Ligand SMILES: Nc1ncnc2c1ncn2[C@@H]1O[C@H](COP(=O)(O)OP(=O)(O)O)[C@@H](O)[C@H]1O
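Read the single chain below, which is given as structure tokens and is the form predicted on its own.
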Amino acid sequence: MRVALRNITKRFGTTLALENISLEVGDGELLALVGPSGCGKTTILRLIAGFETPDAGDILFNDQSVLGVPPERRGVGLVFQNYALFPHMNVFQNVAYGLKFVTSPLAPPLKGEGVGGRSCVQELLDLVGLKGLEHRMPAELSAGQQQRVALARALAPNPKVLLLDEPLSALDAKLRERLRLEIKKIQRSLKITTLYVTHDQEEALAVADRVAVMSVAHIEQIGPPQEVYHAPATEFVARFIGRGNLVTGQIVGRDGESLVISVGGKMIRARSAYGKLRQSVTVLVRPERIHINQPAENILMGTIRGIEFAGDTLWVHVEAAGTTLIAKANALDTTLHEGDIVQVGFATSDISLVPSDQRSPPTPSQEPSQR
């Protein structure tokens, strides 16, 4: 099932929730919507599900408008952020509910609560770690267990479109990591077209075929996770996705295939075919691309101002070239201390020049993946 939003605008009173939003999710694709709270991610899901109606624009399933089609006839499975379980039904009954009947003309016939249906429900309960809790009532479950019931219930009818609104937000870190891999595996095996809303950028990058990064009411960039991370289209994306070193510089020349950029009076080189002399640019270098006290094409001298211990990683804050750069180092490195004078180095190919914050027109990478 292909899902497309065409020039969608939505207001709630005087609040603009979405402005001229267009995106497409390919058949069997998993697209993650990621952005800060209040940017419009959940509104997009509610529009697709049919719980809200756009003020302008159209919503298409396989090139057919679904405006006016009620939610129960859209063939959509939805996991709400607040679970929305039936309080009078036990775990098994909640999951099995969707198997009893189908009203959507967009979904295939389903089994009832016979042998096949019961087997399907039990398999889903085992998958999400609820084996043995079939007869518990929702009020007897933890928040994490309730969220897992909601996920299993949404998957039970084998929907053609799956909408996940922060599906793992109530779970502990270990379980989130395990379930996001299971969600991805299930989604790919069943080839369900999926929109996955999350504020967790790591989660979005891990599960998605493509990522749509949203600011308030707008989409800043759509692309594969690697592209969004390594080649952000705007400064907003560069700051929101991952930890990054963003510094302002000025192009002062060219050296072969590289631009020469002045940053805090120090010269660095960035591999780029674009850029004009004396143009101000924003330079992005990811922390994992910065090496301390090692040979490199670009080297800056600096002073360590702080070290964060994060288990297997050290985040080293180095004051250099009039700014503070964050480098990712091995936690076993015992040679680094606050106050040390060090050299930070990175390759010309490890630098990205980030456009000023303006919304760019769609690029080829914004096309849905075909699998």
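As the structure is a computational prediction, the values presented were derived from the model and not from experiment. One rule holds for the numbers: they count along the sequence shown, beginning at 1.
Form predicted together with the named molecule: not shown, discussed below.
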Among 58-66, 330-338, 29-37, 306-314, which stretch has residues whose heavy atoms lie within 4.5 Å of the named molecule in the predicted complex?
29-37
Residue contact check: residue 323 to the named molecule in the predicted complex, 4.5 Å heavy atom:
no
Heavy atoms within 4.5 Å of the named molecule in the predicted complex: does residue 17 have any?
yes
